Every structure is written in structure tokens, then in C-alpha cells.
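First comes one chain, alone, set out as C-alpha cells in the form predicted alone.
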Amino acid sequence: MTNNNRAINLIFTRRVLNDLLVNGTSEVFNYVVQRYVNDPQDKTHGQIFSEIYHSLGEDNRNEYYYMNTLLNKLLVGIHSVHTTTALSQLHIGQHIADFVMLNGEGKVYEIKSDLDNFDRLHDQIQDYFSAFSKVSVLASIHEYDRVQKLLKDFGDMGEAVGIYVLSEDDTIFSKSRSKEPQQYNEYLSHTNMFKILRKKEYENIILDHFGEIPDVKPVFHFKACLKKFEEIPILEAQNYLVQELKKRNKITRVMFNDIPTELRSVVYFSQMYRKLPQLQELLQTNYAEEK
């Protein structure tokens, strides 16, 4: 397989999986399969996904590949899905965090694959530190020295940032090539934390901390709740944030283990594990029978 087409990067998305499950076909999936997969008529959807994923790992490790590897390492190898929640594409300030892990604390991972640039790294990290106290950069092993140099230029903030590298054999948390993140609270912001939360989530916090929710007209509700949230000491407010975000994505270990390794990230983050029986049936179906 030659995977030099950007369409391959769109394969591991909620849209493609949903199209296959609901409509029985996906324009993007069919395009990639017909162009890059040999003898697809003799393969199941699961075999095709696996073949494309392993091809990405060989010579085109995109953001999905990094994120999926990180998810598998953290929720299978280090932590547990029972005590740890991961979120992706979380809006923080003016930026979107690639990967946020939540257990006793919140940790942000900014992914820089070989296909990304580092132009916005300073502002991204500064925004992430407005909600969470630990931030790390995950990059390829070839970019380790570059990341170190960039972070050094960011002063105290950069010194607090952790560095992890995805090696050629897909290891991440090697002690010899990692720098653990340090707690950094200089930029913590009630406003940025509050704006991450959904209405029900910030109401839970206000009710838990103050015993009541502001009794104001709906048009003033958001501002009144934000004002109360700002009265909570900043680290306590952050803890409330982490506890509410942990509720967003709950999955059992059995369900998580039943998801094929290469699809875990897209299935977990899009919560398509709620359709796991249908997904498993799709993956066992021959491609020629469904297109």
C-alpha cells in the first residue's frame, strides 16, 4: 500500500464509521480502499482498517496514530478506564487541546506529529495552563531536540512542560527519553475553566459548593454562575472542573478491550462504543458484501 494521499488521514473518523454503520457505505472509505488496498473484495472491513492503520505506522504517522497510541498506552498500560477519562479536541481559551487525561488531576498532551508545525506552540501551551496545571508535548523522536529548544525559550512556563516522544517501535513513556511535566499554576483562569464546562456541569459545581444556583433571569444565568465560580479558590475550582469532565466519557474495561486496538481512539472519543455490537458486525463483514 502506498499511503501518500490525504484522504487516508480521514479514514479514522466518526464520520466514516457512522456512514459505514448507518448507510452501509462511505465515500471516503471506498475511495481509499479502491485506490490503496490490494484485493479488498477478499477482506473484511476490520482487516482493511487494520491494514491501513499499520501502513500509517510504517511511514505516515499522523495525529490519529499518535493519539491512538497514547490512548492505548495510558488507558491500558498505565491507568484504568475505571478511574481515568480521556478527552480529545477540548476547547481551552483560544485553542483546542489534542488530548486531556483526567484522573486525580488533569494533564494536557499537545501532539506534534511529523506532519505538524510548531508555530503556535507557545500560545497553545499558555492557554492549556489556564485550565490545567500539567502540560506535555508528545512529538516524534526526531523532534525531541527541537521541542527542548523551543520550550527553553518559553522561560519558566517551558521548564514546566513535559516532553514525551513516540519512538520508532511505538514506545512513549521511556524514562530515558521523557521529561515529566511539573505543576505550573501561573496562568490558571476561572473564566477559561468555566467556559470549558457545559451548563449542567457548572450548575453541578455551583450547587455543590454554594448549596444553591443563582436565581436570576435566564439571560443572566451564565454570567451569574461565572461570578459565583470565580469566588471558589482557583485550585478548588480546578478540582471541580476535573471531576465534572471525568463524567463525560465512561466505558467499561470489557467494552474498551473489545474495540480493535487500531480503532480505539475514534470509537472511544466519539462514544461509538454505544454501538459496539453493530460495529463488531461491520468489522466482520466482507467489504465486497457491503459496498
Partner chain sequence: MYFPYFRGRMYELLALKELVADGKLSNSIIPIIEPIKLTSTFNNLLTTFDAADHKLAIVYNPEVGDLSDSSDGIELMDNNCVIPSILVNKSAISTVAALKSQGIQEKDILAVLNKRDFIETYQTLFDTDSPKYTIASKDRQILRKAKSPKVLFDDKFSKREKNADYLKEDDEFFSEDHLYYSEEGFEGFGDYSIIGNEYNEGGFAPRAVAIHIVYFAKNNELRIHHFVSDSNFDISDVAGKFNEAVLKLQKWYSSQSEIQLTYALQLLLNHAEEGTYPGLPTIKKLSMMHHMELIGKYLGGSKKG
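What you are looking at is a predicted structure, and each value in this text was computed from that prediction instead of being measured. Positions refer to the first chain, counted from 1.
Absent from the display: the form predicted together with the partner chain. The rest refers to it.
With the partner chain left out of view, the stretch that reaches within 4.5 Å of it through heavy atoms in the predicted complex is, among 106-114, 145-153, 217-225, 69-77, 217-225. This chain is drawn without the partner chain; in the predicted complex, the residue among Ser167, Gln183, Gln94, Thr83 with a heavy atom within 4.5 Å of it is Gln94. This chain lacks the partner; the member of His209, Lys179, His122, Lys195 within 4.5 angstroms of the partner chain in the predicted complex by a non-hydrogen atom is Lys195.
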